[in-house]
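What follows is one chain in structure tokens, specifically the form predicted alone.
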């Protein structure tokens, strides 16, 4: 499903960027943004919604109680993470509350932000089942599971058991690759220079699809 500005009513090419936790989505998105892409990051939007004063804070307080709101006024992410990865019903309640708010902000940013093309960073793109018809390309940042675990533990200090729970709730590597139009490999052997080169290759290919000059 390849779109171009002329074939999609004048809108820019839309790329859905996804990958498992610790795959390196943010690094790839930053590289693409530096090349002129308009990056819309659903994880960053979720963090803003659950930050002090965020639009989700009062609904979260009503739904889950004051204990889920930290002293700083933000959602208590460790406590919420522990809850939703041990209680499927709580996870569904959280998603029902947060996802519509994220969707509204995504649409607002997509309408307001221009670039050579648009990149939607969606960690749960495959799992949601709602994104295939909203983007022209799906790009997966791919790495092996052992590398994911190592990166997440170094970055966040999460216990191995929690990392395993998070990964178990996500699509498998095979499921992500099965829907990918494009793949950027960022495994444990990938250097920053190699990741930048692979990302630039995709950037140039998407510019070609957008009928834009490099």
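Since we're looking at a predicted model, the values are computed, not measured. Numbering follows the first chain given and starts at 1.
Omitted here: the form predicted together with a small molecule. The next part is about that form.
> Would residue 202 show up as a contact with the small molecule in the predicted bound form if we use heavy atoms at 4.5 Å?
Although the small molecule is absent here, residue 202 would stay clear of it in the predicted bound form, with no heavy atoms inside 4.5 Å.
> I'd like to know if residue 183 sits close to the small molecule in the predicted bound form, meaning any non-hydrogen atom pair within 4.5 angstroms.
Outside the cut-off, so no.
> Using 4.5 Å between non-hydrogen atoms, is residue 22 touching the small molecule in the predicted bound form?
The answer is yes: residue 22 has a heavy atom within 4.5 Å of the small molecule.
> Taking the small molecule as it sits in the predicted bound form, is residue 151 near enough to touch it, meaning that at least one heavy atom pair lies within 4.5 angstroms?
Heavy-atom contact with the small molecule at 4.5 Å: present for residue 151.
> Within 4.5 Å of the small molecule in the predicted bound form, counting heavy atoms only, one of 48 to 56, 185 to 193, 62 to 70, 161 to 169 shows up; tell me which.
Checking each option against the 4.5 Å cut-off leaves 185 to 193.
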